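There is one chain below, alone, in structure tokens, taken in the form predicted alone.
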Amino acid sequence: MKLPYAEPFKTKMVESIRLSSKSERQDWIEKAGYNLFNLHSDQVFIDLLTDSGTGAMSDKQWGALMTGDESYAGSSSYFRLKNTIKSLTGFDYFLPTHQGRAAENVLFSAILKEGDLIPGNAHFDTTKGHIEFRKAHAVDCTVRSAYDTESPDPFKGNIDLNLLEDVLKNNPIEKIPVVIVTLTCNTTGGQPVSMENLKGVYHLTQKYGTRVFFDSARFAENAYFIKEREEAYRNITIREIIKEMYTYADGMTMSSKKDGIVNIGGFIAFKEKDWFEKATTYNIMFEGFITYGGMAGRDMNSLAQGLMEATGYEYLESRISQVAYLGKKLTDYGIPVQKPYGGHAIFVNAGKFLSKVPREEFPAQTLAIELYLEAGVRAVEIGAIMADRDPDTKKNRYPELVMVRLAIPRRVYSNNHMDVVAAALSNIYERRDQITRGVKILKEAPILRHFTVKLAPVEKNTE
């Protein structure tokens, strides 16, 4: 008999959680302005809002944390992290930052100017926010299959090379300082980018005289998918795949709170010294000295250990198998989700799920609220609220695909928790035809509004 699968770890500590009553949740979500970001953590039973900084560190990471060097300059923890990044990516130059959006802030402060164009594969919210804050423009060059949730395309994170070349050849190249490739592509469902596509993007940037950076928050998960889905890499190790991936990049930003399996931290790494030197000034201004950059030595130590754990095949197999477990449960219930299942989350097609809710009433946010009311599960809208308003027309942008993301923290929940999530969504799906009205915006910020937006049900008088 073949042995059944078991996770490659055992539990050393637990944290209690409580399932509240529906009346409690109704009161809490109303007081939160129907924005799940405003809920207190103890009001949530299963928290799938994000996989960022929510993972469980290993005993070796906790041990590394205790031996961190807190020297202001030249910390041994900095050099440990630097050497780990070099061994994985081949990049010689790196700047630590306190998290991923800080890395974007430093990089874009150094290289972006008003009117620039930044092509990429469905830029995520903070990336697009940093670009538009500087009055530059994010240009989406994602492959069309990404917007068909039933398409079996194994690499829906790919950039459409024809679209990218059109942007590069039809605009002054000095207005396109960089192409951003997000690994995996969060906005399209945690979908991977193939090695072939990475090569193609790099070839085009070399041809037209610009650069390419990887948003590397989930680079290890991307490498796993390359190994599993790209025939030429079946017998190549994860770390060998990662090393090759970064030969097709000029640099990277990293939110270490994802595939670094830490609670805080990030960095920028560079192939060449020129942009490193430009960014250094901004890193010192915004983050800290170049050998700590907003991170404590203990956090750099635990990140160095986490990067090595996250690039192990057994860990990645366990991680992505749990995501697929939830995806399969939902598919069996007939719930429309992005397929093939992605790396860090399952994305529910909210437009198809709540087809009677008008797009102007934000069906993805409506579904996320319903899920919380049903079972205390917190998820996040990847739809029109997150898409923000067009910076020029000030009108709402309505993405072609609006989804609810169920982001699974690393090494935190069991498959029993996934069963609860699936059953809750199944219950809502059974009564989906009764949900015909959504929510409206009462108050919003001019950029990245989804974090602080205040909402109300459409049918309720909010005067």
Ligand code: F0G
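From 1 onward, residues are counted along the sequence shown. In this text, all values refer to a predicted model and were calculated from it rather than measured experimentally.
In what follows, reference is made to the form predicted in complex with the named molecule, a form of this protein that is not presented.
Colleague: Of the residues Thr436, Ser426, Asn396, Ser52, which one places a heavy atom within 4.5 Å of the named molecule in the predicted complex?
Modeller: The residue from Thr436, Ser426, Asn396, Ser52 that makes the contact is Ser52.
Colleague: Tell me, out of Arg239, Lys175, Arg101, Arg229, which residue has a non-hydrogen atom within 4.5 angstroms of the named molecule in the predicted complex.
Modeller: Exactly one listed residue reaches within 4.5 Å, namely Arg101.
Colleague: With the named molecule left out here, work out from 277 to 285, 167 to 175, 329 to 337, 181 to 189 which stretch has heavy atoms within 4.5 Å of it in the predicted complex.
Modeller: Answer to the contact question: 181 to 189.
Colleague: Hey, in the predicted complex, is Ala217 touching the named molecule, heavy atoms inside 4.5 Å?
Modeller: Ala217: yes, in contact with the named molecule in the predicted complex.
Colleague: Closest heavy atom of Thr210 to the named molecule in the predicted complex, within 4.5 Å or not?
Modeller: Looking in the predicted complex, residue contacts with the named molecule do not include Thr210, since no heavy atom lies within 4.5 Å.
Colleague: Does any heavy atom of Thr126 come within 4.5 Å of a heavy atom of the named molecule in the predicted complex?
Modeller: Yes.
Colleague: Is Ser255 close enough to touch the named molecule in the predicted complex, meaning at least one heavy atom pair within 4.5 Å?
Modeller: Answer yes; at least one heavy atom of Ser255 falls within 4.5 Å of the named molecule in the predicted complex.
Colleague: Can you list, in sequence order, the residues from 358 to 381 that come within 4.5 Å of the named molecule in the predicted complex, counting heavy atoms only?
Modeller: Contacts from 358 to 381: none.
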